[in-house]
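Same chain, two forms, each on its own as structure tokens: structure 1, then structure 2.
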Structure 1
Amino acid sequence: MSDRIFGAATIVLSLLMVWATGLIEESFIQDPLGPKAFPLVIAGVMGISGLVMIFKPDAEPHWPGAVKLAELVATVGVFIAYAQTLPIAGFVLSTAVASAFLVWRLGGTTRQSLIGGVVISVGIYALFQHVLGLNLAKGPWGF
């Protein structure tokens, strides 16, 4: 079933591609093939692969249960929050919080998460900013 849903999504995607190809404005500089032809061929390949997935689906993959899924969604949420706060709160603070969450979700105890978060964040900061001279995100406190 998963393959069938994915195949259908693939076909929708290929149709979207055809539609988006129609939006490309032709320029006055022209080559015989133009900017539209190859994307249309690829959209065709994608559409056919979607059809095959619908008609010949593989065995069902092992999907995570509701709890695991919620955990994964939360992890992605933390990633997004991290990406957004990085330029505002600076590297050290946002990385410490994000990595503490990851340590916790990967099976560390509360204490390990807190220590792990701080060690990972400060360790990476020391190594990359001071030894390698990379410019990490600066927050209001300069780190």
Structure 2
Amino acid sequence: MSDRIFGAATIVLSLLMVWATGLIEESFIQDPLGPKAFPLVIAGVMGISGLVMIFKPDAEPHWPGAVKLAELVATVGVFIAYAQTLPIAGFVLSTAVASAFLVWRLGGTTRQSLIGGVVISVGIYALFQHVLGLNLAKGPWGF
């Protein structure tokens, strides 16, 4: 039953994302994909995931304990901080810090987390900036 409740909540959240995406104003000069494409793709994946949870729930779902829930709340906090610091610090620095935290939470050592954060950040920046031709938030150092 808890899977179905979580699936329904996921569908409601995805519908709210679609609604909020519709409020984004598009300028006549923009990237080829536009600002609405990425949120709509994420909302679509969330909606499909919610439907799967409703129609094919686990018989015995295992929910995490208090420590894991605290880690999830900390991760959400990192994502909120990421969104807030992105326009100030730029894509590369903000993404490197957030990625390093996620690598650490996924079991990486401190060294692996730092290296992983930098490699992920620079790799995504190079892909979006030089291959796809999309502009990302620039920080005080111009990247």
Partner chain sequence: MDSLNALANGFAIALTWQNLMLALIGCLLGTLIGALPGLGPSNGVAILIPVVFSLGLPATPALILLTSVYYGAMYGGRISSILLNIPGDEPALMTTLDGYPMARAGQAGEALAISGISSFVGAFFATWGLVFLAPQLVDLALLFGPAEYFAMFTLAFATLGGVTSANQAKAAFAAAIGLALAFVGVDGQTGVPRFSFGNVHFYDGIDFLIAIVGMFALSEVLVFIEERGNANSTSTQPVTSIGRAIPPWSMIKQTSGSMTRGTILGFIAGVLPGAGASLGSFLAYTVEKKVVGKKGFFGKGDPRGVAAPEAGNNAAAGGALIPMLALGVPGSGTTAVLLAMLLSLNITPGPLLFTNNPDVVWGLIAALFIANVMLLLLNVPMVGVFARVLRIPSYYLMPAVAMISFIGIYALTNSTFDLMLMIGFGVFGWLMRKLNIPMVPVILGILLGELMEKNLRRALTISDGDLSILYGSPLAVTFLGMAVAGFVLPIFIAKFVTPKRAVAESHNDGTSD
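The term rigid core refers to the most C-alpha atoms you can superpose between the two forms while keeping them within 1.5 Å. For numbering, take structure 1's sequence and count from 1. Model, not experiment: these values are computed from the prediction.
- The chain as displayed in structure 2 is taken from the form predicted alone.
- Rigid-body analysis between the two structures: the smaller part rotates 74° against the larger, C-alpha superposition.
- Per-residue C-alpha deviation between the two structures, core superposed: Trp63, 2.5 Å.
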